[in-house]
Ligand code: RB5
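Taking the form predicted alone, here's one chain by itself in structure tokens.
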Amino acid sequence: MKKIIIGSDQGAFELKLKVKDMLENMGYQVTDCGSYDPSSVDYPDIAKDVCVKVLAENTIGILLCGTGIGMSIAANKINGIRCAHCTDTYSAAMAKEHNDANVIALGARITGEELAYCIIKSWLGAEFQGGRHQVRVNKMMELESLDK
């Protein structure tokens, strides 16, 4: 059974619950890192919790917030994470096929429920193509070790 780590801030709490149900109905084991109610939380904390688990468990993750932007920025600060902010199915597939994205971020305030499902299914159904894309992914990951 494939595992997925999921998390949201209050802006996407309701969508997260629906996405979690969809994933479980598809046969995925879902670990929910919060938020656990619609109270205000700081999205960088949720992004960190999800991404740390993604790396520790060598699996994938889904982050949701109002726009998806804040979550994706926070996630990409963590070494080893390749998070793509996805707003359409094509970008979601390319995020996996070309960039081997191990996390995606969606925005509940800009993406409707049905589109969110389609984006997630597109990402889950895609496979990393390797080859010339692996060379580029390696170069991206090398950027993490640049002196600041």
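Nothing here was measured: the structure is a model prediction, and the numbers come from that model. All residue numbers are counted from 1 along the displayed sequence.
Omitted here: the form predicted together with the named molecule. The next part is about that form.
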Using the partner position in the model of the complex, report whether Cys118 sits within 4.5 Å of the named molecule, counting heavy atoms only. no
Indicate whether Trp123 is a 4.5 Å heavy atom neighbour of the named molecule in the model of the complex. no
Using the partner position in the model of the complex, report whether Gly66 sits within 4.5 Å of the named molecule, counting heavy atoms only. yes
Please identify, from 93-101, 31-39, 75-83, 58-66, the stretch that has a heavy atom within 4.5 Å of the named molecule in the model of the complex. 58-66
If you apply a 4.5 angstroms heavy atom cut-off, which residues in 39-53 are near the named molecule in the model of the complex? Tyr43
